[in-house]
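Only one chain comes next, encoded as structure tokens, the form predicted alone.
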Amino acid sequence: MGAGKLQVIMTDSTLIAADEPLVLGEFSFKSRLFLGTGKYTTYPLMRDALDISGTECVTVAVRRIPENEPAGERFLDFLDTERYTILPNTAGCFDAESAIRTSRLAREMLNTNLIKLEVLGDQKTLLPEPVDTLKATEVLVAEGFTVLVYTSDDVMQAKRLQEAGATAVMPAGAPIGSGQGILNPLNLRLIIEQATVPIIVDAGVGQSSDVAIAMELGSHGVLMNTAVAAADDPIRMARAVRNACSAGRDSFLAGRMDKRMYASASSPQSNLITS
């Protein structure tokens, strides 16, 4: 096979099998990158970062939507609802009751049953409160919500939330906004291995390589906010994480080579192809 022919094959994208969309209840997404809308210095910057990221789904904290902003300059004016699926979240809720109430409010405000459920345990770590998270999940599922639930990297808690009817389970890579990356890849692999619903890594990623790692572990998607919004150049970081999400997914689907204890020559002396 000549070098020219090989080059054509290597660059022919039609030879790569198309990935399946990520299905969450009645929603379907080609992009597996989900972005938050908080912490940007300006709304136009947020709009432009979302645009270049390629995301199709953005999160909105219902309890933090600004009030009394001038028409045309409101937060929601900078979100193209024809382009993006809005994923309301219950950020700022510290018990099941307030999270359930906020979810119902989101359904009325935004006309959607889609909800990202967060029930936090304390202000310092913003780690999830496991008992109330499970309780709120059960109630909201019974009320017909499509529940994407934030949790820790606890393997058994992830299983309980799945069994409670969550549409997707969203284990943290690290504490919210910490930028520490994927701290416990083993637990994430165990959660993914036992899952019968999509697993979306949520929180703690700090740069594009963290996104690639999460996807290479087999995560079905990644949700992030601070890593983009707080970057020195949010637009460039949005592009970087878009590429990392795609590359990490491709790497996972391709299947990595087995790890070996010893070296293995790249140019073996036996079993050579002679034709």
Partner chain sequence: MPKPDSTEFDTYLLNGLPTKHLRGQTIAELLVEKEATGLGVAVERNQQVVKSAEHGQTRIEVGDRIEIVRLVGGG
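Numbering follows the first chain given and starts at 1. This is a predicted model, so every value here is computed, not measured.
From this point on, the text means the form predicted in complex with its partner chain, which you will not see here.
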| property | result |
| --- | --- |
| Partner contact for T37 in the predicted complex: its partner chain, 4.5 angstroms, heavy atom | yes |
| Non-hydrogen atom contact E67 with its partner chain in the predicted complex at 4.5 angstroms | yes |
| 4.5 Å heavy atom contact, E97 and its partner chain in the predicted complex | yes |
| Distance check, L110 to its partner chain in the predicted complex, heavy atom within 4.5 Å | yes |
| Proximity to its partner chain in the predicted complex (heavy atom, within 4.5 Å), stretch among 192-200, 131-139, 115-123, 152-160 | 115-123 |
| Three-residue site A231, I235 and R242 fully in contact with its partner chain in the predicted complex at 4.5 Å by heavy atom | no |
| Its partner chain in the predicted complex - contacting residues of 43-61, heavy atom within 4.5 Å | T59, V60, A61 |
